[in-house]
Structure formats: structure tokens, C-alpha cells
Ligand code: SAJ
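Consider the single chain below, provided in C-alpha cells and representing the form predicted alone.
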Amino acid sequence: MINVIGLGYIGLPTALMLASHGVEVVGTDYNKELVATLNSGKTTFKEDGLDELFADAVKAGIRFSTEYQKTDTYVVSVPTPYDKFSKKVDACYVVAAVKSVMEICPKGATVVIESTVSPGTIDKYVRPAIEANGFVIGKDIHLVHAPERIIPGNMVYELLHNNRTIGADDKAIGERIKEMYASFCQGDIVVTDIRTAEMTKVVENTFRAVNIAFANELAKICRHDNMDVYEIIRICNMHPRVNILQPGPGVGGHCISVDPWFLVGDYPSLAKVIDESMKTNDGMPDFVLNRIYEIMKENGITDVSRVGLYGLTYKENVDDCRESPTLQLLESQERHLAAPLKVYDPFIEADVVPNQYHDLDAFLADTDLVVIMVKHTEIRENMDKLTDKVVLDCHNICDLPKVYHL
């Protein structure tokens, strides 16, 4: 039996996938309300294919509990935030989960940490916590790092098809955990050491962050001299060895907007390109806010309450708001003491911010300037409703007469 610890955006799909492929699974989370929701037969967030996967897992016998289980294998998938000042990873949730495991696990149990951490985190924080509890690593407890590699919006497919990395002290233990993931993973599964596994996951997300930052910086340069960044990128990408990404209003989620900071925090004198890239991405919401004020002035819009932000999530067609550019923009605007902008997102049912709408038509009726922050399918299919609006399109998806770009 496998006890999956943490039933959020990563832990829940992982637990469901294991269970639906014949593995006995108990999912554990301290959040009683979350566990109660799952036990009532409902999932806790929206994701294509998740409800069907949930039904398969329930049929296969998955259970959910607030209690840790006594078993030989634990999969820890808890948050790993970073300190906003030092930029270093905060491993407190991982350490707390491992300590709870040690209170109940039998001798020789394996703890698989899926949470993304900076290279050396397990050496610095997890091993000392285990040893301080009197456990001998490699005998009383085995450590494995198997960083998740999925993205909201395509979780189920990526769990099945993405390659995986398994980092372990003991190769035999690593191979056993590889077999566990191979119960559902159709991609290649590489077994290596723990520190390498830690580094590869952070590097993957850093690579993406740096490339996004390059596109965003190009957008700023082109805006400064009134050039079309999208046309320039299109032509440059015709070169066989060039593949520039598209600029956007910022970077959100709990991967690209967070993980690269781990390297900046641990290697401040070395990670210069990464540091500047992250600052560029973090500066995009302010750049969008300045564009809003420019466009308002150009179009004679004096009432900021007539400006609406379409999209609250960090990417299209998901209900995940973590670190979203829209939230960052609203926070920046609040510091300027301006009236809050109107906000609408079809995927967010709860009231998350002031002036939030839950109906597209009502939102549009109260706005003169619409800022497309997220390219949800809904707005793509309703562009005709923006015909009489001034539009700031942060994703280059709109070709209406009164459209502005980054």
C-alpha cells in the first residue's frame, strides 16, 4: 500500500493515477474539509479528465484520510514555497511531512519526495531531521526524490506520457520506485542520485523561465520604439535554429514563477542571468498596468472602474490562481491607491478579489477597456462581444479594430 501525503494539484492526480492502475492507495491530507469533499465523491479542482480518473480510482478502492498510514512506501507531495527576501526554498512542509511519517512508519520504509526542491535541500533539511529522530538512513528509512513533471490543464495526459526522474541513495530502492511509477507512466524513467534529480527539475523550469523572459524583454524593447514584436518573432522563428516564445502579461503558477528563484537564493553570485530573467518576468504585470494607463489616456477613458481584466488564473482553461499575473497586477495597482479594476474569470467560482464578476456579459456591460490577461477558450470564442470595446490583448489573439498589444 502507498500513502500519498498531500492531496493538492500534484498529490491528488498522482494518487488517483496509481490507484486506477491497480496500486492500493490511501491519500492523506491535514485539510479535513478537502478530505471530506473527496470522501463525498467530489474532486477539489477542475482539470480535464480528472473526474473520470477519480471515478476509476474510487472504483479501484482508493481511500482518503487525515491520518498517516502505517505502510512501506510514502509519496510526499506538499508545497515548497520560497522566502520572498532570501529567495531560498522553504522546506518546512516537506520536513514536517517526513517527521509525521517517522512517527508511524515501519523499519525500512521508503519516503518518496515529489515536491520540487532546490539542489541540496534533502541533504540540508530532510536528512538532519531524520537523523535527529534516531533513524539510520538506508536502514531504518530510505529516501527517494521523484519530482513531479506535470502542468495544470494537461495533468492526466502528462502523468501518463511524460518522462520521469528518480533520485535515490540506493539504486535497488530507486529501481523499485521506478516500477511503482511504471505502473502508469509510459515515458522513460531515469534512475540517478538525489541531488541530480533535485537539480534537473529546477533547471527544467528555469530554462522555460529564462526563455519566457527573453520574449518579454523583446516586447518591452519593441514597445519602446513602436515595433511589432509578434511579427518580429514570427520572422525570426523561420530560422531553423531559432524558436522564440511569445510574450505575455507575466508568469504564474507554482513552477516557473517559483523554482528558478531557488537557484538565485542558493547561488546569488552565480545565477545572474536567472536573476535578471525572473525580475523581467515579475515586472510584466507593472508593464501591463502602465499600458492600461497609456491606452486609457489615448482613448479618453478617465474612469478606472470602467477597465476590466479578463482572466484571473495563471494560465488558460484551469482554475489555478497561484501567483497569477492578474493577482500581481491588482496588488501593484492597490499600492497606487487607485480604485480596483473589474475582474472576470469563467473558471473561478469563489470571490477571490474585489469587483469580481461571474458572468461574461455582465462584466462586459460594465467595461470600456478590456484587458485580455488569460487566453481562455471562452474569450477566443466570444471575440464578437468585444467589437465595441477598446482591447488590450496580452496574448495576440484578437484582431478587432480597437486592439492594442503589449
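Sequential numbering from 1, following the sequence displayed. Bear in mind that the values here come from a model prediction, so they are computed numbers and not experimental data.
The next section is about a form of this same protein that is not shown, the form predicted in complex with the ligand.
So in the predicted bound form, are Glu204, Leu245 and Gly252 all sitting within 4.5 Å of the ligand, heavy atoms only? Result yes, every residue of the spot touches the ligand.
Only one of Ile151, Met296, Ala182, Val95 gets a heavy atom within 4.5 Å of the ligand in the predicted bound form. Which one? Of the listed residues, the single hit is Ile151.
Contact residue in the predicted bound form, chosen from Arg291, Arg208, Arg176, Lys124 - any heavy atom within 4.5 Å of the ligand: After the contact test, the surviving option is Arg208.
Under a 4.5 Å heavy atom criterion, is Tyr310 part of the interface with the ligand in the predicted bound form? Flag for Tyr310 set to no.
Does Asp259 reach the ligand in the predicted bound form if we count a contact as any heavy atom within 4.5 Å? Yes, Asp259 sits close enough to the ligand in the predicted bound form that at least one of its heavy atoms falls within 4.5 Å.
Is Leu329 close enough to touch the ligand in the predicted bound form, meaning at least one heavy atom pair within 4.5 Å? Although the ligand is absent here, Leu329 would stay clear of it in the predicted bound form, with no heavy atoms inside 4.5 Å.
State yes or no: in the predicted bound form, is some non-hydrogen atom of Ile212 no more than 4.5 angstroms from a non-hydrogen atom of the ligand? The answer is yes: Ile212 has a heavy atom within 4.5 Å of the ligand.
Partner-proximal stretch of 270-278, 311-319, 184-192, 135-143 relative to the ligand in the predicted bound form, 4.5 angstroms, heavy atom: Going by heavy atoms within 4.5 Å, the stretch is 311-319.
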